[in-house]
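A single chain, nothing else alongside it, follows as structure tokens in the form predicted on its own.
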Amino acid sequence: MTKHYTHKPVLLKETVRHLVTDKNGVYVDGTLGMAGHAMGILSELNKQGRVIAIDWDPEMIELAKKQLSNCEEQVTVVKGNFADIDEILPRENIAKISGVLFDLGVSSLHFDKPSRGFGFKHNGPLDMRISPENPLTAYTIINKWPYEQIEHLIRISGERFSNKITKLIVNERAKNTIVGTSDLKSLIEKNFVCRKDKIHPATRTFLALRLAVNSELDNLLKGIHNATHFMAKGSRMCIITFHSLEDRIVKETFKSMVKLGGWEMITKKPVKPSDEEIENNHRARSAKLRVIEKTEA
């Protein structure tokens, strides 16, 4: 029996409220996923309004198309990476947009489906690719990359034991290939029985691998930069982050844009989920929404 995967869009009402300023406009959902935010955007648009929905993952696209089947006239679903928005929009004959959303991180399906290799609750291959066309996997990083590169990845993810964890990985792979998510989880877990922070000791290592496999931080910077060229006066960019690395990039980039002129910060402080939303969706707990508006044509 095929398992049915679901995903609750984070900060849905808050995002749509901040994003949609022109009900007849063209909006880009750069991280379509299971179409939760796209459906929310569409619910606020008139019939003339349109959504360009982008996702890098063909599995997500197929699931999203089913959700959007009643809105086909207003939605264009594109397989691609939002970092390449400067190539995608001209192909769709879009010169100006009224807003763009980047909901960073990955879908619940990625964590819950063992074969995707993103999480460690269930054993799966060390994969972590959002797109199957990506040649780089977490397996390659863990088993082939030199100590210095692995340690750097884990350290910048915020893991203070990056040196020790990397030594464990390098020593273990010299004896046995590290094949699955459970292998890596167990290796770290048994050497960090007690930690002061509440997260699982392998959490930041898995995050570091995912970011590296999918070039997520580089793509974020590219996506922000490339989207700005298509934004009309009064249009807004909404970005939802899930960890401090992403949020710092968005915060500092938005501050620089405002300082250079032509942009206004709409959210002086990030919008966070309510206690009720966190109670209903535990994965929303670390989400932050930042919004900026273009003030000049």
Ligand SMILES: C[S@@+](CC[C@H](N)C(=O)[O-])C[C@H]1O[C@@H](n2cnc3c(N)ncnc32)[C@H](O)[C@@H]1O
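The first residue of the shown sequence is 1; numbering continues from there. Because the structure is a prediction, the values reported are computed rather than measured.
What follows is about the form predicted in complex with this ligand, which we do not show.
For the residues 106, 126, 227, 154, the 4.5 Å heavy atom test against this ligand in the predicted bound form is passed only by 106. In terms of contact with this ligand in the predicted bound form, the residue from 219, 74, 134, 182 that brings a heavy atom within 4.5 Å is 219.
Residue contact check for residue 63: none of its heavy atoms lie within 4.5 Å of this ligand in the predicted bound form.
For residue 201, no non-hydrogen atom is located within 4.5 Å of this ligand in the predicted bound form, even though that partner is not displayed. The closest heavy atom approach of residue 237 to this ligand in the predicted bound form falls outside 4.5 Å.
Although the partner is absent from this view, residue 9 contacts this ligand in the predicted bound form, with a non-hydrogen atom inside 4.5 angstroms. Screening 36-44, 228-236, 265-273, 251-259 for residues having heavy atoms within 4.5 Å of this ligand in the predicted bound form returns a single hit, 36-44. Here the marked residues 32, 57 and 80 all reach this ligand in the predicted bound form, each with a heavy atom within 4.5 angstroms.
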